[in-house]
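Shown here is one chain on its own, the form predicted on its own, set out as structure tokens.
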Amino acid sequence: MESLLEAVSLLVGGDRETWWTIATSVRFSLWSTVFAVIPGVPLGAALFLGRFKGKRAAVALVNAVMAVPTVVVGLFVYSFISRSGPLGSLGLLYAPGGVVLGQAALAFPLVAAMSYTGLQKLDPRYGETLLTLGAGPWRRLAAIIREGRYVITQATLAAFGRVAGEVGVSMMLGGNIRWYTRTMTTTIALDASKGEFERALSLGFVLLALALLVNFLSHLAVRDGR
């Protein structure tokens, strides 16, 4: 009970480190979501519109990559941004850029898969009509994305929720450095391992509130898209 009251006091009292960690997590999650959505939505729409040999294999690959464990994604990105990797000169490892890149890589296949699956629910005649009217590939892609905006909103929210609650990639690529790359999930993992539950509980409350908010907004997107 004492730890619970202390956790609430950290939030209500405006504890600087607690709120800095919250703001950093939200900032990292927003940027990584943006970098996942920019290529992920067009890929999902292109898979929906595409009529090419190997389409089923491409869709299966996107879905398979979505199920890759976070630690494997982190290891893959680590190999690219470490000092001996091809992007080592950019100095992304143990820096905010590395965390954002890793989280974006984690969310990208989720956005692509959800966009493709959601767009499947659109009237199949819509794409055929665009083709009949002489719309080029890019105009058809833009029209499908606009028509499926509620599906895309739902995919975006799911991506944000995925990266906001992720710990493995953030720990591996960010190093959990205080006042630099420490996020809510890595702080919870660190403090809980040390038996210091007050800040871990306070950040857990915020993560729970974020999850509920994301689910609520996702529900609204689904309802408005019907």
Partner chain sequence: GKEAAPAARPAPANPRVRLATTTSTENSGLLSYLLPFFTEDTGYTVDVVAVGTGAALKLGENADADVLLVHARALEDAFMAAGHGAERRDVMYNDFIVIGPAGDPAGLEGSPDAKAAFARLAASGASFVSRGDKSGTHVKELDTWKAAGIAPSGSWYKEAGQGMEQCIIMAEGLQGYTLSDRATYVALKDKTSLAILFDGDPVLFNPYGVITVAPSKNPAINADGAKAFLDWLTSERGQGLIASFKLEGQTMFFPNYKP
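Every value quoted in this text rests on a predicted model; they were computed, and no experiment measured them. Residue numbers count along the first chain shown, from 1.
Just so it is clear, the following notes concern the form predicted together with its partner chain, a form of the same protein that is not shown.
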| item | value |
| --- | --- |
| Heavy atom within 4.5 Å of its partner chain in the model of the complex - residue from 34, 26, 43, 192 | 192 |
| Proximity of residue 39 to its partner chain in the model of the complex, heavy atoms at 4.5 Å | no |
| Any non-hydrogen atom of residue 101 within 4.5 angstroms of its partner chain in the model of the complex | no |
| Heavy atom of residue 105 within 4.5 Å of its partner chain in the model of the complex | no |
| Stretch 196-218: residues contacting its partner chain in the model of the complex, 4.5 Å heavy atom cut-off | 196, 197 |
